[in-house]
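Shown below, as structure tokens, is a lone chain in the form predicted alone; questions about how it binds or moves come after it.
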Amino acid sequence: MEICLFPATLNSWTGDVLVVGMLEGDMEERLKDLEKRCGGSLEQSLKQKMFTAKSGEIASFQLLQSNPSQLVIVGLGEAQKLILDDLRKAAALGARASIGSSGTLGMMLPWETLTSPSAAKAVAEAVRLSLYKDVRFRSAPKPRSTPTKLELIGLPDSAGSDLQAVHPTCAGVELARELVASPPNSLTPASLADTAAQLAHEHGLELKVLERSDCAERGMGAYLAVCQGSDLDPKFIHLTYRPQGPVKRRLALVGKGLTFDSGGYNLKVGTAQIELMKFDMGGSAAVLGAARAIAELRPKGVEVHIIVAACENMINGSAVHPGDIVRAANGTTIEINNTDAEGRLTLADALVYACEQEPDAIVDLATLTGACVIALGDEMAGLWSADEQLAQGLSTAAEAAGEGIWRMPLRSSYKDGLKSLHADLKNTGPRPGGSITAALFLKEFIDDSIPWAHIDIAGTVWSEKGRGLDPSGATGYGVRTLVNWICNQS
């Protein structure tokens, strides 16, 4: 989709579908302008549809004249309460209403009410991402027309400085969505490594893949314990983006990469939705999606290491037992009191490896705990970090991306729940505060001199009914936050 600004007035715009955002209390003036442009009386039609411009309301009209052929009016609520996310949601609603039409989509929103320099980018991202549909596994997908061009009406040329980042960022989100949505018989550890290889080949990244024997030589006993019950070999993936010119900052992104999680001998049963455990590699999808975007954006002065310990957690005669004690790469011994807390075991060795790259900061993303979903629901990810600057930078990046995040406590006294009778640590603590003890477990594998943040995306990685610009299913959560954060470091 081509994306551009249309700084002229509405009267001179030509296109196929026109989307207009309407504020409560501002309908009369807006309707006069629309009636001049589109012809006919809209006020009575909106009354019949009981449209009052409340946030999320939508009214669509097929017009007899050919230009535009469709008018979509979206409610934005009260002007004094308008935030950037409201524009995103309105843009997504309007874009979805345009499905079935081709040609040019015009988007006219009350830009003057919200003086955000990121408004054009946010709306453009919302339009592209809301039109995304994954039909890879359909035997005969239905033909589907969508607009090929987006024009943001009424914005000056100076408002488009961020638009060049829209397509790379959205391509990264869409890659993450496709990875998460892929069935586990399609997306294996090997195919995840193949995806990394394709990114390296197409976008000039460096790639190293450690095989099982390489990981054993490095003493990655925690990671290898998780995959010993699977017939599929693990793949430890290390992608690197190196900028042209001097490196001012070195960052590491670590993504949990469980391509399927059965729970092991602590088998997922009851309401655990084992069939959805293909999304347990959502963290790896996010960091690979971010790598895809960063490789195209080419930020200066920042080197980025993307690390994924990919494997399956399965059950056979060789699978890890509850009660086994394993040794991580840093020498820490871990009693596995729950084989369904496997992600933190893979991350333990991945975080040790990340520290060896001597980065200025490490961020890990993982579908780690159901406890985080209980605490924050499915619209907010949890953020844990002892570093104020890092935590603030990620929070700011997430807000700019429209991705919900909430900082959680790293209360050191909760670490008592991880004490083991025979090993240095247990891999799970008591049920209360489970997302906090999980973060504290990960912290044991971080060099204290390196700023580190953990983001639990268990609730945000998947949406049953869709929300905002996200379709039902995989959301691609985290890509936009990571891209914003990394680009702010350059």
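Since we're looking at a predicted model, the values are computed, not measured. Position 1 is the first residue in the sequence shown; the rest follow in order.
Separately, the form predicted together with a small molecule exists; it is not shown, and the next lines address it.
With the partner left out here, the small molecule still marks one of 180-188, 68-76, 332-340, 165-173 in the predicted bound form; by a 4.5 Å heavy atom cut-off that stretch is 332-340.
Contact annotation for S463: none of its heavy atoms lies within 4.5 Å of the small molecule in the predicted bound form. With a 4.5 Å cutoff on heavy atoms, K268 counts as touching the small molecule in the predicted bound form.
Although the partner is absent here, T259 sits far enough away that none of its heavy atoms falls within 4.5 Å of the small molecule in the predicted bound form. Proximity of I455 to the small molecule in the predicted bound form falls outside the 4.5 Å heavy atom cutoff.
Of the residues M277, A361, L383, L82, just one reaches the small molecule in the predicted bound form with a heavy atom at 4.5 Å or closer; this is M277. Distance criterion of 4.5 Å from any heavy atom to the small molecule in the predicted bound form singles out R344 from the list K235, R344, R292, K121.
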